[in-house]
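Take a look at this one chain, the form predicted alone, written out in structure tokens.
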């Protein structure tokens, strides 16, 4: 039986290309026997797997030398990485050697947050968790349990919680990161931009970045394609308050005033429409409501935009014309982390509309149509259906939320409305760093009857837990198969490379053992994860032995552009690209994006901006000994002229005080001409306060600590977090 490719969310196609591979003999440890030394330890062996340092999940090959994890490199057969890992991926071996790791299950001994623990056995820990979950279900119903998770490692725990009967499964990546982007594109094209993003940077002749920090957020495929685009002379246009790494490669850098992207986008669209530079044939064939849209954008001249966004009219016209010259191979990047100002879904819709004018959706050099391997699910009984539904969005007050809203679950936990949420399990996400307003998160925790944290280090959120369960890192465990939506469909296996150093357990084992204690045996009919994986793979004409040997198996590449014969399908009410959104109009929202001026900083204050570093992922990697050596603390970027007026010198240490009198830890100043004078910038994830990571305790300053205010997106409930202002106080 040959593997299959899933061409869209609505169509499946069987394929005839084989994916055969030689099966190797395997030892009891699950490692290739042919690569072990004579005594099982000596010599060099290599094991294919895939990375877990960020959501990109690049396929990799780990090397063990004399029984000790040595290095990890890209898998040459990987469609994502092409055999080259980013700095984070290469440094991923440090997660195994991290001396801060949790080594045994812990039960809280004192008050929550005091980080006083008693080490217990796994049986004791899981028995306690199960007993308290069953008590919560008896008193409040199964929906009173919520699961917060990040990444593919949460798959088996999600399965357990669905079987338990709760619909309250939530990831911060929706409401605190990509959700507004997905909604803006869904309202316009009927589909989101997927993960990884369906951006055809490798064929783009013009790439437009609005606050997207390629080269700093280090999404591997995109960064490689970006470098190649620069090398072949593609036009790069960057609008950003900060002169980022990407801006340093641009022919056109637009130092935009923070919060005014929609003004710039509307004026770009004005130029394309009034000068008739848009793709007329594409819009006529696929557009809906264009006349109303064109009438609206005619008002937004570059002269109108200039005092609002700070970009002169000549530059606006010149860059808009360059986009048109290179269309349809002009890609206005949708971004990833887009929860900024509270009107973020409309900002993302404006980006989608600009791409629609340029004819880039479904076109080479714009947005391709991804496909995925069709790997059958493991057969289990249907999940119980909740009568009460999710707790995050009562009354559908955010009518276009297509994912569960993290802050909505937090709010329900505090208020008890629409019903009580009394138990949380948190997997692989530090909610005190991920969610805005740490005080609100702590209020919610204090209202819980149970908080369980599954993590690899004693993070800040673990410090508030009742029970902490130590997980094996990704190089020590199996996980769910990675079946990604991408240009080249593939399936990838994560498998153990080395043993866990102490009493850590993989997430699949934790989920199954907990499920059995909760009486969910029918949902866990497999004895071990190898049996589970084998069953899924055999349903697709593959085998676990083959996957262990190869790590990744690719299917044939189907058509991904309209010009290759891909049908132009738009899953909107009109069946077309919606320049005018009847869905928005019917709900009382602007059917065409409009500009709303952002709040200005108070006198003497700066807008707080934040972003990523190429060697760290969120707040997850600061204790990794390899990655922390490359960057062990952050700094605050400040315009050099402003800094001199304040009497500051490079590397002086300051505290940041926000509008609510919350004060940061001391942090070094980076005086630079590469940022506007009305804002400051910090890399996210530092300044952690967990006592269990003494070598990294309070290193740098936490942007999350200072983000006490947020603006909620009225369309989908995401939290705009670039609405906080700070002053600087010399230490």
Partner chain sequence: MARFAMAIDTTRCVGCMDCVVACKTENDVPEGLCRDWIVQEARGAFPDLRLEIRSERCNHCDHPPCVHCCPTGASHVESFGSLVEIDPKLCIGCKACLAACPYDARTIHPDGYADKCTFCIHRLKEGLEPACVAVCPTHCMHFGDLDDPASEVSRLVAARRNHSLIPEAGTGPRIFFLT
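Positions refer to the first chain, counted from 1. Owing to the predicted nature of the structure, the values given are computational and were not obtained by experimental measurement.
The same protein also has a form predicted together with its partner chain, omitted here; what follows describes it.
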Of the candidate stretches 621-629, 498-506, 512-520, 326-334, the one with residues having heavy atoms within 4.5 Å of its partner chain in the model of the complex is 621-629
So, in the model of the complex, is residue 682 in contact with its partner chain at a 4.5 angstroms heavy atom limit?
no
Report task. Indicate whether its partner chain has at least one heavy atom within 4.5 Å of a heavy atom of residue 539 in the model of the complex. Result -> no
Item to check | in the model of the complex, residue 230 touching its partner chain (heavy atom, 4.5 Å) | outcome: yes
request  = Would you check, heavy atoms only and a 4.5 Å threshold, whether residue 70 touches its partner chain in the model of the complex?
outcome  = yes
task = Identify whether its partner chain in the model of the complex is within 4.5 Å of every residue in the set 86, 241 and 253, based on non-hydrogen atoms.
result = yes
With the partner omitted here, the residue among 543, 100, 659, 90 that in the model of the complex has a heavy atom within 4.5 Å of its partner chain is 90
The listed residue (698, 705, 45, 674) that reaches within 4.5 Å of its partner chain in the model of the complex by any heavy atom is 674
